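Have a look below at one chain only, the form predicted on its own, in structure tokens format.
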Amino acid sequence: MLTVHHLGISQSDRIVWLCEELEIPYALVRYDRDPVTRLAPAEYKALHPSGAAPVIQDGDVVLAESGAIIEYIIAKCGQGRLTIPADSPEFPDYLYWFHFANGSIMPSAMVGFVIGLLGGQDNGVAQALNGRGDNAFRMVDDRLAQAPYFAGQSFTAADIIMLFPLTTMRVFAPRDLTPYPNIRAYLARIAERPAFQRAMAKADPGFTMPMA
């Protein structure tokens, strides 16, 4: 059986949600963050050389990286669900936003967060890097003004991987969503999904995800 190793309040909530959307059997092993460092505990870091969440096990396969895990599970268990065929007009948008999550919006947000911690907000380089984060959120809001989901009319794995930088990541890299009405409306739609509700109840019971 597929085992999802979930680090509390982390990117691995994506994988729990994916399994719930697909309604596939899986075992969930949950790990709390170190109370002092707030990082992954030693037993989680030992699961994979990356030392980071998420991690899954499937027989002899131990796999890390959100995008790789999502593609692996969909290829093995999805039966065509939560993805877009290559001949669909929505396929380019599906691909773009699937990779935008970890390739653009998350790095820009975390760079801005680190710059803030280092007190470097006033120099030109810091302002330029922070501007990338602002631009990324504007792009997301513009996209969600055009379509209900990132790929278009269909809910897909692009939504699953994109949700983390819009929600849980804001625990670590705060961002006010007041200027982004389409993101806020999107998050309200996602919050109504039964599979999302089940996933969050299992992955992080008692945690209030910043959905607005």
Ligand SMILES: N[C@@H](CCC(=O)N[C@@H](CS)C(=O)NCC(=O)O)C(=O)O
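In this text, all values refer to a predicted model and were calculated from it rather than measured experimentally. Note that residue numbering follows the sequence shown and begins at 1.
One more form of this protein should be noted, the form predicted in complex with the named molecule, which is absent from this view; the next part is about it.
J.: From the candidate stretches 177-185, 45-53, 149-157, 23-31, select the single one in contact with the named molecule in the model of the complex, where contact means a heavy atom within 4.5 Å.
T.: Going through the listed ranges, the match is 45-53.
J.: Can you confirm whether Ser104, Ala136 and Thr167, the three residues that make up this candidate site, all sit within 4.5 Å of the named molecule in the model of the complex, judged by heavy atoms?
T.: The answer is no; none of Ser104, Ala136 and Thr167 reaches the named molecule.
J.: Could you confirm whether Ala40 comes within 4.5 Å of the named molecule in the model of the complex, counting heavy atoms only?
T.: Contact check for Ala40: yes, within 4.5 Å of the named molecule in the model of the complex.
J.: Please run the contact check for Val4 against the named molecule in the model of the complex: heavy atoms, 4.5 angstroms, yes or no?
T.: Looking in the model of the complex, residue contacts with the named molecule do not include Val4, since no heavy atom lies within 4.5 Å.
J.: Does at least one non-hydrogen atom of Asp58 fall within 4.5 angstroms of the named molecule in the model of the complex?
T.: Flag for Asp58 set to no.
J.: Could you run down 11-35 and flag each residue that has a heavy atom within 4.5 Å of the named molecule in the model of the complex?
T.: Read in sequence order, the residues that approach the named molecule (within 4.5 Å, in the model of the complex) are Gln11, Arg14, Arg33.
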